[in-house]
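We begin with a single chain expressed as structure tokens, specifically the form predicted on its own.
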């Protein structure tokens, strides 16, 4: 030991070896001598050197396992609490606590924490971070990555005795046996480096301070858009045009076959207005086509159901219509259904048919005003040929669904239940004209009769008042004529005198 190293703390002793075999023999001898805190440095991996040094298997896999299991438990507990207890939210009809749905998040968090556990566990087991190792003070140690093997015994080993260790390493074939002492390089951080570190930290806080200021203050300047296309997306309103699609419509129609959740009704009688069982007996091929079209779930279904409605444009076709239409409305018609139908009729039908159903809506009035030659006047709902006995409810439903003549079908705009509600309202609208008291529910007849009597009394009183007014007017006129005649007679008498 040189004089220079005498005053320095000894961290261990290192010896050099020229080949693997001599290193392995020295490792076994050191292990057999009872030394535990040892290490070997080689230019390349050496198989079996762990056993030669007596190094026990690392606990790092257990650390990774524990961290991964912790991640799994955290993910499951978090999702069970969030989705199943604190904020219950139905996703795709799954139960609130659905382990299969929780697996992706649990898997990701397991991998994440296992990776963290492995990384930081390795640091802890190796005593990292260490910015300097005393063994680096030995200039010959640079050859550890080249062609020399080193065996090191740490001074913290309970059996460490520097003289004995040096002798043992020498007996084991070691060369250049030297003590590992403190690094005498300055430990003080250079001022320029310290200034740079402080400057970087200060600069890194500027964005956070700007964001914090923006959150607690107001400004009359427009905000800065980092993602312009996301903040100002080219959204379109209904009825606007768009060049993105061939039909120039911004509002996209439903994808063919789209059925809202819970809205599917497999009853074809309800969807077509046709008695399918009877149709299958009288016209089996057509019934099969209709069933196949609805099974495909595309617009062809509506077209198939509309074949008959389209044929209604001609009287001859109407006379040959053998379609077994539903005679009555499948809904349980009550006041709510009729009012619902009235609302839908006002939205979709009244523009052409008029609120009273007489076929003189605003569109028809304008068409007549501008003398539109291609305009086909809408039907008068009070035409006897459209009454239920001649125009069944199912046929009226099909007409609304598929259209007729110039009228387009409303299947894509009005739900089947609302179409049937419109049928119910049209029937009520028809019955509102020339209805007899027998068609009024017995419970309401008294009210109706009273209202009729009141109206008749009001009309009688109005007629009597009008008669008296006319009599008074006639008497007044007669009196005025008599007075005028008297004045004229007096004037003539005065002239004669």
Partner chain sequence: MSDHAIQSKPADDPAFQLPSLLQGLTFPLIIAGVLALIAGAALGHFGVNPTFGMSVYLTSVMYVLTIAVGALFFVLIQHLCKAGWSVVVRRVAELMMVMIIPLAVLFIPILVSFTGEGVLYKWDDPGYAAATGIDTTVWGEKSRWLTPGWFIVRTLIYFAIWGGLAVWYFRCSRTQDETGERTLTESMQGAAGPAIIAFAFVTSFAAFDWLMSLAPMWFSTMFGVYIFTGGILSAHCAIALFTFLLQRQGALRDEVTKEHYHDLGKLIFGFICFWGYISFSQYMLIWYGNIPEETHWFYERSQGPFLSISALLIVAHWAVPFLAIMSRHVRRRPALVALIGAYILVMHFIDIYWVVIPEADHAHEGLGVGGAVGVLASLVCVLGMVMLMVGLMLKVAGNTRLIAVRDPRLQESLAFHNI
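Predicted, not measured: the structure shown is a model, and the values here were computed from it. Residue numbers count along the first chain shown, from 1.
The form predicted together with the partner chain is left out here; the points below concern that form.
A heavy atom within 4.5 Å of the partner chain in the model of the complex is found for exactly one of 428, 65, 33, 440: 65. Here is the short version: of 234, 104, 253, 207, the single residue with a heavy atom within 4.5 Å of the partner chain in the model of the complex is 104.
Remark: of stretches 428 to 436, 447 to 455, 46 to 54, 466 to 474, the one touching the partner chain in the model of the complex is 46 to 54 (heavy atom within 4.5 Å).
By the criterion of a heavy atom within 4.5 Å, residue 28 is counted among the residues contacting the partner chain in the model of the complex.
Although the partner is absent from this view, residue 211 stays clear of the partner chain in the model of the complex, with no non-hydrogen atom inside 4.5 angstroms.
Heavy atoms of residue 94 reach within 4.5 Å of the partner chain in the model of the complex, making it an interface residue. At the 4.5 Å threshold, heavy atoms of residue 100 reach the partner chain in the model of the complex.
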